[in-house]
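Both blocks below hold the same protein chain, though in two forms, and each is given as structure tokens: structure 1 and structure 2.
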Structure 1
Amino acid sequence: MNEIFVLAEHRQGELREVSLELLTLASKLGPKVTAVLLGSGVDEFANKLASYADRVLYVDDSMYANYVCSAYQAALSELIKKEKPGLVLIGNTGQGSDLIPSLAVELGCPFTTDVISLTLEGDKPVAVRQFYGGKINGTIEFKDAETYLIGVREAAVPAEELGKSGEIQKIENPITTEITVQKFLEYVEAAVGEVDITQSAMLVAVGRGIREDKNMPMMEELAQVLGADLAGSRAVVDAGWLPPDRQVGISGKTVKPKLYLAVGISGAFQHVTGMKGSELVVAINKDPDAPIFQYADYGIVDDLFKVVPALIEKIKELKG
């Protein structure tokens, strides 16, 4: 694989974590990794990306101040044709899902999306993605091509400090004509409740194992003494015990807190998909065979109604 391109994603003045995740993945696959950055006033982003890539290729133009698919596609198409990378990685985000298919069709290159694992066999990628709501992992092989385009799921690979000092190359905008077919108007953010669990440093997540609504105050107290926020599985949200903005999983939110304390959660793949990027996972479940223990750094196999009160008292004691 002669070179791997990684499209850096930014939004509303922030470089998104998925960019660093993809650069970490790329560094494990190939000898030369290039971060491609399109933006306006993005020198700071270029400097940060240089510590994760061997080269940063960036365009600073007001055309790319906000993501517009047609502008990004036109620029990337020109850069890919000129540089001829063997592999292009793009985050399977809302932006990536919009961009990847149309870019692949224009270039006539093989592609797939929502990949959770990626390896190389020679110069050809072998991708793994999930089907039937995550019940089955499928392996995808590709026909011979000069360039392959892959959309990688957020949090599929944790970002690592790579300590590189890549060369930063600021280049002229490859697009010389104005793109008028689409125009950015404004961001319309989904309503966020009183807590945005995607930004929480610590989470206490509860599942159907808490049995009924009257046990929620105990979980709230546990979260309070820990200084954590409260989240839950789909079963808890469907029961109305927590609002939808507190749901973790495929149909909820993806979280990556420093501590994820899973209480009464079995660990179905739909839930695990949303929390497996957590730094430290602690699980409490009376079933020793619960799948959550496969992802936990520490596990307590016991009745949560005995463990949680004792845990609350111990934390209070330690805090004085």
Structure 2
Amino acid sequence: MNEIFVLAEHRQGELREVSLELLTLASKLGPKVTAVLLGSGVDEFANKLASYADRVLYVDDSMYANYVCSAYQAALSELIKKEKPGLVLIGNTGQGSDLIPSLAVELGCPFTTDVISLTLEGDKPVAVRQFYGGKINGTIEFKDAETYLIGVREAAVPAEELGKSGEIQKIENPITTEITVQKFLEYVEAAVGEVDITQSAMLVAVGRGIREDKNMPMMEELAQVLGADLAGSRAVVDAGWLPPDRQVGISGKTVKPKLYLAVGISGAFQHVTGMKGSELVVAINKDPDAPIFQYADYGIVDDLFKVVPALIEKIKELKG
């Protein structure tokens, strides 16, 4: 196989960890690895990437200061057509997931997204990804092509020090025309609420299993008797039962409390990513196959509407 391209990702002046994770993954596949970087004033990032790649190819231009799909796609399309990598790895992030499908279709490359493990069989990638919220895996193969594009899930592979000293090549911007269909404006940070759940010692986290808004007071009472704060999964926040600053997961907060009591949460990776660093995890869920039990120290497989009221009483008794 020709070399592997890894698209480096940066945001708000920081090189994102997923770049190093993908370079680590790529380095184990065999072929030569080239880190590709688009940005503005990114010499420092190029230097860092060089210790994880055999080559760093980068374009420094103000049009790439912030991610804009049309601009990134135009540049990468030109680079890929010229350099003909066998495989292009892109983080399946808010940026990468936006970019991969349209870039692949423009180039006519087979692609897939949100891959959790990747191998090469000869010159062709074989990818594994999750289906049905992580309840089952699927193996994906591809039609024959010169180049394949794969979106790899963040944190699927830990980044390792690779000690490389790749050649750094700064190249001319392949795009000379102005991109007018899309324009970056600004980043808006998520609102900060009255409780910062990233600092909470104990969290009671509520999921979809709670079913209705009217069941929230029961969870508030559980949190109160434990002296914990309330947090929740995306579903609960989308439904408006908890404010957005209480959301745990990829698009919410990353928390590391002493106790994370997950009630009615199935444990899709989007949620688990935000809580797996908790010291003690307890899960209450009706479904014995819920992925959350793989991340929990203790589990109760039962109806939360039976367990939670009983638990509130027991804790009250213990506290006297």
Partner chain sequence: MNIVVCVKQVPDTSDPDTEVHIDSTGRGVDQSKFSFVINEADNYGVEEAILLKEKHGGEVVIVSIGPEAANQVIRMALAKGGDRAIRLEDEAFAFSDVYATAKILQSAIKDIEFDVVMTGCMASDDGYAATGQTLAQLLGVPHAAYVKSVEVIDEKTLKVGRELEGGLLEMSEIKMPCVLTIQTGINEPRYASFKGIREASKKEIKIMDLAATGLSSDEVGENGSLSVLKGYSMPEVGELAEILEGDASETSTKLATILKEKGLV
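Only a predicted model underlies this, so the values are computations on that prediction, with no experimental measurement involved. For clarity, a rigid core is taken as the largest C-alpha set superposing within 1.5 Å between two forms. Structure 1 provides the reference sequence; residues are numbered from 1 along it.
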Exercise. Just flag whichever of structures 1 and 2 is the form predicted in complex with the partner chain.
Key: 2
Quiz item: Do you see a C-alpha shift of 2 Å or more at Gly41 between structures 1 and 2, with the core held fixed?
Solution: no
Quiz item: With both forms fit on the core, is the shift of the CA atom of Val18 between structures 1 and 2 2 Å or larger?
Solution: no
Quiz item: Superposing on the rigid core, does the Cα of Arg211 end up 2 Å or more away between structures 1 and 2?
Solution: yes
Self-check item: Per-residue Cα shift, Val308, between structures 1 and 2 [Å; core superposed]
Solution: 19.8
